[in-house]
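In structure tokens, one chain follows: the form predicted on its own.
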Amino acid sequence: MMTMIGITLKGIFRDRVFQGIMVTACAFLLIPVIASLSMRQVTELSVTLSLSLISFILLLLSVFLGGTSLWKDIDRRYTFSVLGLPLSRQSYLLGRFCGTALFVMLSAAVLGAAAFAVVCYSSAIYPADRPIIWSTMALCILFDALKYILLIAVAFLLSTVSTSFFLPVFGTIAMFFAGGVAQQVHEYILSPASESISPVVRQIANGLYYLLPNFEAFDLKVNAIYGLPLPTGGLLLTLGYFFVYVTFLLSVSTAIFSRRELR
């Protein structure tokens, strides 16, 4: 499986995805200029824009790398030659996933370094009213990367049941938006304002809440922007949720892919 991880990383670099990230990262240079338009919250706006840009780039990577990785291999008949080697389908799939996830973590680290430099520059020119908690900002970027690794696992699951890239790509995008609002919908269902909703709709909404991935649990942007304390118990619970959900998705994916007929 380690060999497959290395091949996956080499393939991503060969497709010049990393160079594209570096070009996109040049947008960080504009953040201090844009943030300076805010008269009182320059540093806070710099943190907000930096974290939002990182999240947007990681979303693009997770959707297109996760949604097209298996499809391109099958379409180019690369899968047939690889599986002809002493390599199981399970090792092939897990190697592809781990290689893609490792690249996302590497991209998050590079983009995080750029964000730290931008925020440090902005805070030096326009001192903030409240101190920047750098550890919270680092954890925000880390959990953002974990969120998109979870999204990659969703994309791989959809790729195992699809013969084209439409379902993995657009299905992953739909799952991202659905998982992003699942928590808000669940809280609305539990509030008194939802008394007019029928019990059937309530049950369906609650079922989808526990079935869909809860991406909002990984969002720590508010804590990073305003220096709010992070609940240790909540972070550990989110980590546990991440590992359990990813393990479940990969288990289902490998089970489906092992029985899939490749033509």
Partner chain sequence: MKTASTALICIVIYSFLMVPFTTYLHKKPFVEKLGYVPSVTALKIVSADHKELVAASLVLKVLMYFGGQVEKPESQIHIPPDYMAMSRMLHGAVKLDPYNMDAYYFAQSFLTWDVKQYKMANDLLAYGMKYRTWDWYLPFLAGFNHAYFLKDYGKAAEYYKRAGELSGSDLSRLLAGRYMQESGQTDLAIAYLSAMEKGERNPSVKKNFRLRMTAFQEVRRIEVARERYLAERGVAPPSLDVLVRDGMLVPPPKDPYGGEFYIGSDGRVSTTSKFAFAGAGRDTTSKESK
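Here the structure is a predicted model, which means the values were calculated and not measured. Positions refer to the first chain, counted from 1.
There is another form of the same protein, the form predicted together with its partner chain; it is not shown, and what comes next is about it.
Contact annotation: F97 falls outside 4.5 Å of its partner chain in the predicted bound form, judged by heavy atom distances. By the criterion of a heavy atom within 4.5 Å, Y148 is counted among the residues contacting its partner chain in the predicted bound form. Proximity of L29 to its partner chain in the predicted bound form: non-hydrogen atoms within 4.5 Å are absent; the residue sits far from the partner. At a distance threshold of 4.5 angstroms between non-hydrogen atoms, L49 is in contact with its partner chain in the predicted bound form. Using a 4.5 Å heavy atom cutoff, none of Q19, L93 and F103 lies near its partner chain in the predicted bound form. Shown alone, this chain has one stretch from 61-69, 234-242, 221-229, 204-212 that lies within 4.5 Å of its partner chain in the predicted bound form by heavy atoms: 221-229. With the partner removed from view, the residue among V181, A109, A193, C120 that has a non-hydrogen atom within 4.5 Å of its partner chain in the predicted bound form turns out to be V181.
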